[in-house]
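Just the one chain here, laid out as structure tokens, in the form predicted on its own.
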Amino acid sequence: MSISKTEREQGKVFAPKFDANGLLTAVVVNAANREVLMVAFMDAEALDKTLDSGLAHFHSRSRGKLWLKGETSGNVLRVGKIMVDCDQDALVLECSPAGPTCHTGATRCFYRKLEDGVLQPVNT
């Protein structure tokens, strides 16, 4: 769908602006405390599945296919709200996680911080 810059930035039409690879960035935050849980990518199929099911779906760049977060672990992300950035090429998904979000078993993928060039654990 082709829309004007003004409509994209200020209007009510949802017209996601996918990149050259057909992807947009999705930042997942915990709906309860706004903590950043993970960053992933969505293609049109993942976005449609997310909207239809209420569960976060993404496009796995490494596997090149649709991915339901938690499909093997059961740690799904129930989407409560989707925020859209000004030019519609990035989303923030406010989610209620069913368990740890990171594949390492950590609550979130952002469990380290950079201090003086060294990674340090984030205390939670």
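Note that residue numbering begins at 1 and tracks the sequence as displayed. Fair warning: this is a prediction, and the values are worked out from it, not measured in the lab.
Just so you know, the form predicted together with a further copy of the same chain exists too; it's not on screen, but the next bit is about it.
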From the list L66, L55, A98, V29, which entry has a heavy atom within 4.5 Å of a further copy of the same chain in the model of the complex?
V29
Is the gap between A44 and a further copy of the same chain in the model of the complex 4.5 Å or less for some heavy atom pair?
no
Wondering, does D85 line up within 4.5 Å of a further copy of the same chain in the model of the complex on heavy atoms?
yes
4.5 Å heavy atom contact, G22 and a further copy of the same chain in the model of the complex:
no
Exercise: V76 in contact with a further copy of the same chain in the model of the complex, heavy atom 4.5 Å
no
For a quick check, can you give me the residues of 93-113 that have a heavy atom within 4.5 Å of a further copy of the same chain in the model of the complex?
C102, H103, T104, R108, C109, F110, Y111, R112, K113
